[in-house]
Structure formats: structure tokens, C-alpha cells
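First, one chain by itself in C-alpha cells, the form predicted on its own.
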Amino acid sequence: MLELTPHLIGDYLAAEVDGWRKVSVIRMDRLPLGASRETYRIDAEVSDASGATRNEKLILRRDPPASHVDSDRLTEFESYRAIYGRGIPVPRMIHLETDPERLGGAVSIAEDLRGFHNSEYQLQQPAWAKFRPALAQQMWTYMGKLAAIDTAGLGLEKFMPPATVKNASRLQFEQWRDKFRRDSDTCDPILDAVIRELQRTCPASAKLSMVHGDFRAGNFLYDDAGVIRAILDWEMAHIGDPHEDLAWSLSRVFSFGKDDRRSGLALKEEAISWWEEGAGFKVDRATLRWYELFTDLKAQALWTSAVKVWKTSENRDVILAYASWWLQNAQNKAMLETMGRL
């Protein structure tokens, strides 16, 4: 895979970003963040057409040769742009390169919101306990606000597959069921039972929204005062039922405090209450329960895919092996709990 160097990136940015004439990359570091994309932090000095210079702090994300997430730079880049300025804090997008030949994979460039935290595990430390309630309220309120935004004004149809209130749940179910079956080489009778129930009971949606796809602690930036500064990682964004994001955030597997606090932040009913406040409408409990079970299918498909790309040497990033080893059994346990069998 093409090595990204400061010289290569500087020349590329100077040639491709509107208004940038000369770019000197002062520092570039790969960050150990996420399992689906390569992430680099860049400090650059940029000169414009007038010769004036300024410092830019950037985040570069590159698609690897193989990943457990079936996505692309276009979806994430345009998702950020669609939601920017609509009451959901996100970074500003700067440039998109979809040709994998240019930089060894499709690449997106965004502003780097420097100096904030994103660790979900840091929030379990005693020093952060006083901030958890406010962070929880912010997270689920923002999630509810995302659910309330009218998709008609976002232009999502330009880069996302279409969905209707009648078929949104079935489209997602079939996508993740098929992904699991493609990538799995073992028998999973618990997940087979989940798949049968989901297939029998796909619900219609009361409304459609822009679904983030991975909305949970660990995918937002927060400051030292416990204020959320940006929601990150939109590569699985799509048009769907707003209950999907809520159910994902409530997953037992994401109870990072190893107790009943979902996303390591708040009890389930507290989270639902804040989501409803942000959304302006009530949760449909039957629909939520279906999406909680769907979350188990989607997550297990991701962990299974991580196993595959690791075993086949398509991507030897150690986080893929670690995540699959750690999470597959935990996900089966969560399935049994959701089905009332544990």
C-alpha cells in the first residue's frame, strides 16, 4: 500500500484544494483510532494565491485495502457536509479524493478539532464521574435531534441508497444478514435464531431520518468541562428508522462501565427520556425492541467480518483481531438477554 509521506501529502493538497497554492506539512502522525479506516493528524503551513500563509490542523482518513465496514469516503464525507450547521456538532470537511490510485486509497480531509478527548474508557475513571450525567444527556439529546431533522432538505438521496417507511427495516436487516453469511465460516445457532425472529417481524417506520450508524460513547469529542464538541465516524450513515441509532447506543456490549449504564454513561430509561426530548416524539417500544435485536445482528456481522479480513491477511491491523476475539461471545450473550433467554 502506498506510504503517505509529508512531502506527498503537501504536494497533493497544494494541487487539489481550492485556494491552496503551497502546502508544507510540518508534522504527520498516524493515530491509533478506529478499526475501519486509517487516520492521520497533520500540521500544515498553507499559502494562498496572495502569498499569505496560515497554519492548518487537519485530519486525513484513508480507506484501507480491506475493512470490516462496507463503506467509502464519499458516504462519510457527504454525511458530514449534509449535517454540518444543522444543530449537530461535526467537523468541517475540506477535501475528498475518491480515486484510490492517487493516495493508495480514497481519502477525506477535514479540520482537526484539536485538544479534546474521545475515549469511552476514560469516562469510566473516577475523575470523570461528575461529568457523565451531562455528557449522557448531551449525547442522547443530540441523537434525538438528529432523528428529528427532515431528511428532505439534506440531499441524502444523492449519495445514499433510497429507503421508505415500509422497507427501511427490511433493507437494513437483509444487508447485515447477507454480510454475516458472506463472511462467516462457523455455525452460530444463537444468531440464527435472531435472524429468524427479525425476518418474521420487520416493522414499518413512523418516519425516516439520517441514521449515524455508530452513535455511542467513543465516537464523539468532549472537552475538559464535559461538553460534547463533535460527533465523529459517520461512515455507516444511511437513511433509515431513527430507532436504529438509539438501539445501537443502548447495546449491552457498549456498557463500558461493565454495569447497567448504556454506553458507560446512563441507565436505559434515562437515555430514552433524553432521546425523546431531543426528537420531540415518543419511542415506539416494539420498534425499539426489534432494533435492539437487529443491533446484535449488525454488530456480530462486523465482528465476523473483522475475523475474516484478519485471517485472510487482507488487513493485519491488530485492532481487528482484538475486537473480534473480545466481542463475539459478548454479542451472543447480549442476544440471549434481548430475547429474554438469559
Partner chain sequence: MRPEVSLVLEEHAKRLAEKIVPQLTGFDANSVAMISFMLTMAAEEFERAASRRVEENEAIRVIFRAAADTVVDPALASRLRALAGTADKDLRVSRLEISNNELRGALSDLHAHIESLKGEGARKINDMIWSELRRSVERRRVALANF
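Positions refer to the first chain, counted from 1. These numbers were taken from a predicted model, which means no experiment stands behind them.
The form predicted together with the partner chain exists for this protein as well; it is not shown, and the discussion that follows is about that form.
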Q: Name the stretch, out of 95-103, 74-82, 250-258, 216-224, where some heavy atom lies within 4.5 Å of the partner chain in the predicted complex.
A: 250-258
Q.
Give me the residue from Ile26, Ala286, Leu31, Ala52 that has a heavy atom within 4.5 Å of the partner chain in the predicted complex.
A. Leu31
Q) Lys333: heavy atom within 4.5 Å of the partner chain in the predicted complex? A) yes
Q: Flag Glu269 as yes or no: does it have a non-hydrogen atom within 4.5 angstroms of any non-hydrogen atom of the partner chain in the predicted complex?
A: no
(Q) Under a 4.5 Å heavy atom criterion, is Pro189 part of the interface with the partner chain in the predicted complex? (A) yes
Q) Does Ala15 reach the partner chain in the predicted complex, with heavy atoms at most 4.5 Å apart? A) no
(Q) Is it the case in the predicted complex that Tyr121, Asp317 and Arg341 each bring at least one heavy atom within 4.5 Å of the partner chain? (A) yes
Q. So which residues in 192-228, when you check the partner chain in the predicted complex, have a heavy atom no farther than 4.5 Å from it?
A. Asp192, Ala193, Arg196, Arg200
